[in-house]
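First comes one chain, alone, set out as structure tokens in the form predicted alone.
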């Protein structure tokens, strides 16, 4: 039995100042091509503006936990009782063991090896997935600055594949504002065809075309992302700041939890929910 507070102190103190970003290293290794090898670290380039909330029990403010529930046995299932299954058709699965999955998983990369250079203008924006920065590690600063400068002058990007975690990523490395930016790209098979969703071609009168062109021309402007902001997020953060000053935060009670045991109230709630579903069938 272990005694703990449901709402434990987080490893990093939360802050209502959501605009603060600290570059945490995600991966470190080398970026290489030909005979060049530069030690680098992969860090975040963006911080999503989504505001996350924790669901609490309204009676005692205990943080609620998500558990795996088996509807046929009407019970909570522990991680030790789970297996992986790939659904080949409704309610029919092929079981995949951890050993089988590991046998086909690539080894973690220590190198981002550029295999070819391309003009980034040729890459359709639909292929872009997520941006990161590559920053130089000790001993690689000079080569890093040289690569940034050459890629900026030539407007070229390097294509590579590397493994992070259990996934192999297709990436592009390019120069951006004096730094190397890495973009994960979608594989071509991930791009859905658009032909089936487009309307049938119809003849458009010249007058309508001219009117639309004029409307677009009037609204032309230079791209300035600072003009736009997530207003809802800003209002939520202002609300949190205000409430923090006006009212003390609620605190979850200390609870005693058996290892591997699920909270009784959660089990009861799930069982009650399943009984209702069965009754309404």
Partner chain sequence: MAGRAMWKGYIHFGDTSVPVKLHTAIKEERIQFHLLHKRDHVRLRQQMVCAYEKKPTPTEAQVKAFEVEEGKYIIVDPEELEQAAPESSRTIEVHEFVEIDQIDPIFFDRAYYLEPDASSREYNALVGALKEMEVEAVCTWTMRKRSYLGALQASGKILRLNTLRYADEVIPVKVLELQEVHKIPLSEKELKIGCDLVNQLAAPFQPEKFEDEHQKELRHLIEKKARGEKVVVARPKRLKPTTSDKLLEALEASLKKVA
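Positions refer to the first chain, counted from 1. The shown structure was predicted, so the numbers you read here are calculated from the model rather than taken from an experiment. Between two forms, the rigid core is defined as the largest C-alpha subset superposing within 1.5 Å.
One more form of this protein should be noted, the form predicted together with its partner chain, which is absent from this view; the next part is about it.
Colleague: With a cut-off of 4.5 Å between heavy atoms, is residue 26 one of the residues that contacts its partner chain in the predicted bound form?
Modeller: Result no; residue 26 lies far from its partner chain in the predicted bound form.
Colleague: If you apply a 4.5 angstroms heavy atom cut-off, which residues in 97-116 are near its partner chain in the predicted bound form?
Modeller: Result: 99, 100, 101, 102, 103, 104, 105, 106, 108, 109, 110, 111, 115, 116.
Colleague: With a threshold of 2 Å on the C-alpha, tell me if residue 96 counts as moved between this form and the one not shown once the core is superposed.
Modeller: After core superposition, the C-alpha of residue 96 moves 2 Å or more between this form and the one not shown.
Colleague: So, superposing on the core, is the move of residue 119 at the CA at least 2 angstroms between this form and the one not shown?
Modeller: Stays below the 2 Å threshold, so no.
Colleague: Would you say residue 233 moves between this form and the one not shown, meaning its CA shifts by 2 Å or more once the core is fitted?
Modeller: Stays below the 2 Å threshold, so no.
Colleague: With a change of at least 3 Å, which way does the C-alpha separation between residue 106 and residue 186 go in the predicted bound form: closer or farther?
Modeller: Relative to the shown form, the pair is farther apart.
Colleague: Comparing against this form, do residue 191 and residue 89 have their CA atoms pulled together or pushed apart in the predicted bound form? The difference is 3 Å or more.
Modeller: Pair moves farther apart in the predicted bound form.
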